[in-house]
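The data below hold one chain only, encoded as C-alpha cells and taken in the form predicted alone.
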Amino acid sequence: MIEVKSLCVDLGDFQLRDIDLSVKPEEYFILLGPTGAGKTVLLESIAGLYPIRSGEIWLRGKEVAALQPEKRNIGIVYQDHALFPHLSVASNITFGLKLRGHSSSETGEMLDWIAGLLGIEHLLNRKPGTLSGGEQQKVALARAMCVKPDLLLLDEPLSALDPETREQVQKELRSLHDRLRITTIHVTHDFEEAIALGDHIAVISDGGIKQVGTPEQIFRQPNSEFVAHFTIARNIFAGEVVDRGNGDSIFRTENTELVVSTGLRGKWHASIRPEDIFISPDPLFSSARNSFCGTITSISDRGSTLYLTVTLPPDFVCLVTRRSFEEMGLSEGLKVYITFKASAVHIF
C-alpha cells in the first residue's frame, strides 16, 4: 500500500535519516517514539507538507514524492484537531468535499454517512468551541475520512483526551478501522496505545527507525537498550552468555547467573519484563529455571498495581497486583523470592 524508501528530510536542526517503511493495505500501523523523535515530521513528509532531500514515497504503486499534498488523497488528523472555529460541525466535515468540487447531493450523502458512522448527527449544527475533546476528535476524524482517503494519518489523536475519553475513542478507532479497512498510520508516544491498536509498530528515535515488528515482537523481543527501555522492560542488564557445561546457557551479570534460552554467546544484554517475574515470601516450587532470594528495597504504588524493586544484586523490578501485594503482606525490607522462566529472559 505505502512504501517509504531511504527517505531523508533536512529541517536544519533536525533530520530524518534513511527511513524505510512498508505498510500493507488495510493495515493499522503505529509510529511509536518519544517527543522529538521525528514521528510528526515523518507523517507530514508522507502527506507532502515537507520537501524531502532524498528517497521515495510510494502510495498504491505510484511514486508520490513530487506530488502536491492535495493530489495524494491522504487524510490527516492532528492532536489539536485543527477545526475551523467559525464553521459549523457540518461545514467542517464537508470542507474537503466542497474543495474537491463535489455536488451538494454528493456532499449531503457523505455527511449523512460519516455522521451516522461516528454517531455525531446531533452535533452537526454546533460550533467546534462548544464540543468536548472527544467530540472534537470525532469531527476531525469525520473530516479526514469523508473524502475516502487512500491513507489516513493520525498524529497523536488521543494525547489531549482525559483517560476515560481516550479509552472510548481508542475503541472507536479500532472499530472504525475494522469496518472501513482504511490503511492507517497512527503516531503516538504511548506504548499501551500502540499495543492496543497496532497491527505493526515502528519504533523511531533521533530521526531513525530503531525496530519494526508486531506488537508482540516489540514488546517481547526488543533489539536494543533504547527499545527495551521505551517499552518499559525495566529489567535490562549488560553481561555475558556462556555455557555452563551441562547444556544450559547462562547469562552472567553482577555475580548473578541467569539460565536463559538462547544460542548466542559472548557479551550481550538481557531484558525481563516485570510482569514475567513471580514474587513470593517463600520459595516457589515450579518448572521455572531461575529462582533467587532478595530484599524489597523500593515500592512504587500505581493504584491497582505496584512495582517492587528486589535487590540481589542486581535490582529486579517486579509487577504485582494490589490484591497480591496485600495478601502476601509485602513491605520494604522484607526478604522475598523471585522466580522466572528461562524463556522470559530476552537476549539482544
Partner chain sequence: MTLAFTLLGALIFLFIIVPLIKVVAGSNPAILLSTFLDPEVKDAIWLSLYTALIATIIGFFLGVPLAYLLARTEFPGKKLVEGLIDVPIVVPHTAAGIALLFIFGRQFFMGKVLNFAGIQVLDSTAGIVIAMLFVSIPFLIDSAKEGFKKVDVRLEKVARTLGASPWQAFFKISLPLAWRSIMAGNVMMWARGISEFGAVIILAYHPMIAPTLILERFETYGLSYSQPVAAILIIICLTIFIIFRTLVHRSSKT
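Residue numbers count along the first chain shown, from 1. Remember, it's a predicted structure, so these values are computed and weren't measured experimentally.
Not pictured, yet referred to below: the form predicted together with the partner chain.
Does the partner chain come within 4.5 Å of a heavy atom in each of 124, 159 and 169 in the predicted bound form?
Looking in the predicted bound form, the three residues 124, 159 and 169 all stay beyond 4.5 Å of the partner chain (heavy atoms).
Heavy atoms within 4.5 Å of the partner chain in the predicted bound form: which stretch in 293-301, 29-37, 277-285, 66-74 meets that?
Looking at the other structure, the answer is 66-74.
Identify which of 83, 115, 227, 259 has a heavy atom within 4.5 Å of the partner chain in the predicted bound form; exactly one of them does.
Of 83, 115, 227, 259, the residue with a heavy atom within 4.5 Å of the partner chain in the predicted bound form is 83.
Sort through 99, 196, 238, 180 and report the residue having a heavy atom within 4.5 Å of the partner chain in the predicted bound form.
Contact residue from the list: 99.
Find out whether any non-hydrogen atom of residue 155 is located within 4.5 angstroms of the partner chain in the predicted bound form, and reply yes or no.
Looking in the predicted bound form, residue contacts with the partner chain include residue 155, since a heavy atom lies within 4.5 Å.
Decide whether residue 143 counts as a contact residue for the partner chain in the predicted bound form under a heavy atom distance cut-off of 4.5 Å.
Residue 143: yes, in contact with the partner chain in the predicted bound form.
Could you confirm whether residue 78 comes within 4.5 Å of the partner chain in the predicted bound form, counting heavy atoms only?
It does: once the partner chain is placed as it appears in the predicted bound form, residue 78 has a heavy atom within 4.5 Å of it.
Should residue 49 be counted as a contact of the partner chain in the predicted bound form, where contact means heavy atoms within 4.5 Å?
So residue 49 counts as contacting the partner chain.
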